[in-house]
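Just one chain is shown here, as structure tokens, and it is the form predicted alone.
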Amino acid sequence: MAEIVAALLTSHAPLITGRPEVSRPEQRDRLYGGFHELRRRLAAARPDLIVMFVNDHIQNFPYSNMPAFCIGLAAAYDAPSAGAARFMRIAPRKVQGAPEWGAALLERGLAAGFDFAYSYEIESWDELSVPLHFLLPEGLVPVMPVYTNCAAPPLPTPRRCHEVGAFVGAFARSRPATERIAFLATGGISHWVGTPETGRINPDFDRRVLDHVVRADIEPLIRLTHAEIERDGGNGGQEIRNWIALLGAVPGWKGEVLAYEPVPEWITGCATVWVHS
């Protein structure tokens, strides 16, 4: 049986790296400190693979072809590409993928009733690039992303995301005993983007989500409706589906919040969380 050696939750707002100078220095330093501590712990865990629960931002999956869940089967990912690099101020680079691992997950999922889509070509933006900039600066560990539709309603329910995460976790544990696997979910927390409320953050919602994560009290998050998340966390808050999926992969594990900062200049409630048994 493979070993799950780490689980991490982070925000992925592009302005974290793209416009660091506009934030309050004390907030930026605390959040960067959380990322750096996550990096230290992840390196100490020595994973062979990082399975990432992430979402697209209509770059790869247009409204004409929007999968609920998609497994990345690329041999490598632009994290970021040259165009995205200019916006996020991160040097363009390739991060190795794990297509054979992903294909095995895809086949097991189809046999078990999880109708994953799959893609051999994915251009990463902030969902991979920003967290991996901090957590995997050398880019030496391959990644295998599971994309969830968090942007174009109708969205998969939080409960279904939790079920998908539980399936991915069970699959990971069924792998050969030599594999050391880390889970990383990115997105959120509260933010409104492209709406009349753009720039709004709701720290009360963020702290409520984090409190449930800290106590491994996941059922209230699973029961959230699309409308409730939209009301309290914004359209960007729908990205907590990625976090809920990861929590399904590591049932009973509790979160340790290393940093939480509602940064208005980055229009996002930003957090870094270490999840442990």
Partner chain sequence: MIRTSYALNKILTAVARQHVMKERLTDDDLTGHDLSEEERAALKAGDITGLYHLGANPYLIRRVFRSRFSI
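Residue numbers count along the first chain shown, from 1. The structure presented is a predicted model; accordingly, all values stated were derived computationally and were not measured.
There is another form of the same protein, the form predicted together with its partner chain; it is not shown, and what comes next is about it.
The three residues 153, 196 and 230 all sit with a heavy atom within 4.5 Å of its partner chain in the predicted complex. This chain is drawn without its partner chain; in the predicted complex, the residue among 123, 204, 107, 115 with a heavy atom within 4.5 Å of it is 123. A residue is said to contact a partner when one of its heavy atoms sits within 4.5 Å of a partner heavy atom; residue 264 meets this definition for its partner chain in the predicted complex. Contact annotation for residue 214: none of its heavy atoms lies within 4.5 Å of its partner chain in the predicted complex. Contact annotation: residue 27 falls outside 4.5 Å of its partner chain in the predicted complex, judged by heavy atom distances.
Residue contact check for residue 64: one or more of its heavy atoms lie within 4.5 Å of its partner chain in the predicted complex. In short, of 70-78, 158-166, 187-195, 89-97 it is 187-195 that has heavy atoms within 4.5 Å of its partner chain in the predicted complex.
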